[in-house]
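What follows is a single chain, given as structure tokens, in the form predicted on its own.
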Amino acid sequence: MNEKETKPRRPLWFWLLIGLGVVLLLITLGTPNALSSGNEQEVTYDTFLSALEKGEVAEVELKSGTLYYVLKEEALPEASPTPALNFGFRPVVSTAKKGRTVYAVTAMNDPDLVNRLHEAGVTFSENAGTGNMVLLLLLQYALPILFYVLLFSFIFRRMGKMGAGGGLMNFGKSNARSVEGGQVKTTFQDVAGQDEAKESLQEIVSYLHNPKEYTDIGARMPRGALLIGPPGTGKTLMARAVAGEAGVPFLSISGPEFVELFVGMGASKVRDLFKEAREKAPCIVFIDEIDAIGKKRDGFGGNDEREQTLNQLLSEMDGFEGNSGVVVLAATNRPESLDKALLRPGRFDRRVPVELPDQGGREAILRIHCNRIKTEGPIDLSAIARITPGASGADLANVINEAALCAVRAGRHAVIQKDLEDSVDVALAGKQRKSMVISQHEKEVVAYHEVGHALVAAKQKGASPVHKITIIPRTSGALGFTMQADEDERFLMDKQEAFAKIVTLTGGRAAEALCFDSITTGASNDIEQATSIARAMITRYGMSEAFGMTAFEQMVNPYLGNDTTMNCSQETAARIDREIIELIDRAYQQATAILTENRSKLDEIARVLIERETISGQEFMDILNAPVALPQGEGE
């Protein structure tokens, strides 16, 4: 390889800067005047006229409103004329010599100046600075045009290069991330807690492996499968696992990426995506967050970009042949917002729920992520799964990662069981606020509040057992919390259990009022949860004697926030509010009665909690079941 081939190519912006610098240099130099080679000295106009009347002026030049002249005794008539640089324009002859003094004076409105110069026999001329004017015009008009031409040439050249790699400015291209067959390493073994979803998708894998087995018998595989479920449950991971199991190319794109600034670009991207899919068939096309382009169309029609993109997607999916070998997977956590035409048979005609894992699924997910870190000593993942109800796969992955971080902060080289339990506390309530200092009185109030929850829960049938009580402040704003954990997975909740939850939630406020004859703001979250459960019992679960099996509330967004909407009159809503108040008040009175009956145990457990700051569920039950220590001399 020669030197010319190894020399790096100069970028376009480098030459743009060089050209701009040259032009600015030419503008700065300008067209020199014939008398500018000597030392310049400014004088007044009367001084010039006086020298002219005395016959002392030898040569005069007018340029840009300024008169330049030299005196006769400083001129060299015998010197050969020297043409001044004028960039191709008419040269001005100068008889100057180096080192002479050139006088400069501002030209006045003197009509007789030419006659005076002629009568005095002075050599005079005018330099209009044509070169400067041309360069100025070049700077004002030609140079900006040239600059923008080169700039847009550079931009579109880069756009062409980005098009090959799916750049953002690749207009009309799908920008889908493409992974060739066999390069997707994720398989069903990397997905846990979703056995039903894997079973539903196994048929798609089998079809991609051997489509002839299905076509021979006349069966037609679903052209699209919609993965629905809460955030973090592993919908994208499941799609990659299908591609990994099938060993086919995997095209991935997000719904918002179809939306472009220019009209028609979304539909163009859809066409390009499916064109590429047909060329790579058999393959899998995965569209994440499809609700961004698949929302329901209104009844008025329209030509907006999102609707045109949806129409193109419907057309492309309907145009597939049964044996095309292209399977479309999509994911969303808002299935209720999708257009019905998108969900009809022949498009996304199979819905695969990817729900929150149960206790066994959580343990399996924890085991997968735990295999990627170093552990030491006995690790009980079933205990961690038991105290993390409602956690998604992403939450459990975060628990394992936080446990590894806890081990590093403690100076250990492996994760132990305590790290896992502490990481659950971090996931639920945040990290400990060790710098936060609370007064002794507030510490006592928090201790009695949390023990009130635990004691009321322990004295009720159907309440979940206490797992831990702590009064260490957390970054979430909680000054303490009581953790309950069921021994077994629960899928149904009867009326007694629901009411027991409300009683337990009111136990903290009841303990404050009983022991301090005052109440604090610490029960705000308890009140919100108790009100939510009571409202659901009356409006959705049919657990009210006044209303019976009548639903007045329905879920609007079951996977995102559990939003609800009321379907009743104002009079009925007022009656529901009264029922909620009465239900919560009855629970509060029951909690107060339980704490009053067990006041001595409440004080004893609170003192232990203030001293230790954290006690386990087993320690709590040991103190609660121990006989009450009588004062000395009593009972003899």
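Not measured: the values here are computed from a predicted model. The first residue of the sequence shown is number 1, and the count goes up from there.
There is also a form predicted in complex with adenosine-5'-diphosphate; it is not shown, and the following applies to it.
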For adenosine-5'-diphosphate in the predicted complex, the stretch among 437-445, 271-279, 387-395, 374-382 with residues bearing a heavy atom within 4.5 Å is 387-395
Let me know the one among 522, 222, 247, 230 whose heavy atoms come within 4.5 Å of adenosine-5'-diphosphate in the predicted complex, would you? 230
Contact assignment for adenosine-5'-diphosphate in the predicted complex, among 501, 509, 468, 235, heavy atom within 4.5 Å: 235
So, residue 267 and adenosine-5'-diphosphate: in the predicted complex, are they within 4.5 Å at any heavy atom pair? no
Exercise: residue 191 in contact with adenosine-5'-diphosphate in the predicted complex, heavy atom 4.5 Å: yes
Contact of residue 365 with adenosine-5'-diphosphate in the predicted complex (heavy atom, 4.5 Å): yes
With a 4.5 Å heavy atom cut-off, would you call residue 116 a contact of adenosine-5'-diphosphate in the predicted complex? no
